[in-house]
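Form predicted alone, single chain, as structure tokens, below.
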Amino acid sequence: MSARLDAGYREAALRTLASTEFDVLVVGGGVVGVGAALDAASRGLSVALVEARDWASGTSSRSSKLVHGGLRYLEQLEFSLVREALRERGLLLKRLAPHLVKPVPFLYPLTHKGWERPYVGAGLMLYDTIGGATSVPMHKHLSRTKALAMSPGLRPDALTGAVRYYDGQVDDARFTMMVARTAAQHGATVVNRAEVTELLRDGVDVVGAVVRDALSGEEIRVRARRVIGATGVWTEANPGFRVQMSKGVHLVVARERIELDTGLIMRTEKSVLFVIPWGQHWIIGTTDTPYSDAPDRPSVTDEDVEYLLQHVNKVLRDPLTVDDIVGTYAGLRPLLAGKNSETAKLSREHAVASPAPGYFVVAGGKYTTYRVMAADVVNAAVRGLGGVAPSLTARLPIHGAVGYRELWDDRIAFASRNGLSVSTVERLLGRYGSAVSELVELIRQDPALAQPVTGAEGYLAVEIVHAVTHEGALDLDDVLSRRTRIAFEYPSRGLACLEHVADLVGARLGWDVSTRHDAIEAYRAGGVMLTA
């Protein structure tokens, strides 16, 4: 099956929604929803996946971009959660998505002499081994002198020594979209901008849903033997569990503003704070505060910014100011509600419930464990269908993984053959894997697409076009906020590139002058990366 999510695919998918009774209908296009669609489709089931907005438009595009076990959860004695997450990290790094998930080093500064080094060292030794065979380098103890040589941007009095360890990093929105493409490749019918307005019932049984196409306004009655809800913070209360939202805020600053050779992790009074390398930027975060407003548009407040700057500046030789911030973003964690009022202390475990016959919901968990959550909810949903295979996704590569390592080894010759710089090919391989061949074909058809985007020169024009022709992007926000990360990597949410991007997108989506104008104004008025 094709993994090309273009306008033609979407039109055909809408017709299929209307004419097919599916084994499984998945509602929600975050990482768990797309993971559930892939899990079910790879078992041979007929699957539909619908998302009200865009793939990863909620929590799954606004994380810390880490694939990790959660070092602080060891202190909370959540050993099974850490073990499970580290096992998944290893699968993603080595087998499932080596093109999208990469090792990233972190420095853990020590601030107390004596007891702290053996305490932290013991924790990191457990962290390095609890998930089985190591998929990243082991941790290493550093003297104060060596730590400062690796991190000259830190104040000398901010540490007595340090420990370096590794975790995984991912572009969360791109990964989610690539899982959706993989699900389509395995036969799932996947449609974004398709909102469920009500569930269909036969007596007490849930037998499908009414889906509204946001582009045409048409309503489609989608029939399914099982319906899975993977809607994150939009999950309604049910007898099995209740979701508590927690807001996490991140700041983005230019790479040259902090002189570090690695990422940084440090304790705060409530949780931990990361300084995460991200291309030509650093991502600083996160907060962990209860949130009870509407989940559609969490914002970054002055208090959020002050909190993050205050804590990171405690260790920086050259403190950051508000003027150093290039971009911000806020996301909401869908945590399982518990007795503790502090969301930082709530468990990151997940749960599956069945509020009604034929209807199954999953919530909680961590981005890293999306595949386990997906398998668990599909396992629950398919009981009684008969003859369904067990989950296969632990050995099912994500689109772009197969052939990635061979292309990486051949990247110099590949760059020469296609008239691209080696550094450009390396960057594209880290975003597309072997699917880079799709971009090369577009450039072959139109060599002008090999040029940088005006106003966002870190990207090529072909990446904007490919977002529409292969990755299901339907508007400027899809392209700038999730297919690329221009919305938070460039000042003013990338407005300097808006005209060029609108030309590229509009030409592929058939926009007339009025539609193009409206699309630009809509992005100016309300992209997702907003500061209050």
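A quick note: this is a predicted structure, and the numbers were derived from the prediction, not measured. In case it trips you up, residue 1 is the first one in the sequence shown, and so on.
The form predicted together with a small molecule is left out here; the points below concern that form.
> Would you mind picking out the stretch of 123 to 131, 400 to 408, 248 to 256, 421 to 429 that comes within 4.5 angstroms of the small molecule in the predicted bound form, counting non-hydrogen atoms?
Only one stretch passes the 4.5 Å heavy-atom test: 248 to 256.
> Any chance Val505 has a heavy atom within 4.5 Å of the small molecule in the predicted bound form?
Taking the distances in the predicted bound form, the answer for Val505 is no, it never comes within 4.5 Å of the small molecule.
> Would you check, heavy atoms only and a 4.5 Å threshold, whether Arg493 touches the small molecule in the predicted bound form?
No, Arg493 sits far enough from the small molecule in the predicted bound form that none of its heavy atoms falls within 4.5 Å.
> Looking at the partner-bound form in the predicted bound form, is Phe106 within 4.5 Å of the small molecule by any heavy atom?
So Phe106 does not count as contacting the small molecule.
> Please tell me whether any heavy atom belonging to Lys366 falls inside 4.5 Å of a heavy atom of the small molecule, as the geometry stands in the predicted bound form.
Flag for Lys366 set to yes.
> Within 4.5 Å of the small molecule in the predicted bound form, do Val31, Ser63 and Val196 each have at least one heavy atom?
Affirmative, all three are within 4.5 Å.
> Looking at Val190, Ala230, Met177, Val378 here, can you tell me which has any non-hydrogen atom within 4.5 angstroms of the small molecule in the predicted bound form?
Spelling it out, the residue with a heavy atom inside the cut-off is Ala230.
> Counting non-hydrogen atoms within 4.5 angstroms of the small molecule in the predicted bound form, say which of Leu476, Cys497, Val50, Val465 makes the cut.
When the small molecule is considered in the predicted bound form, the option within 4.5 Å is Val50.
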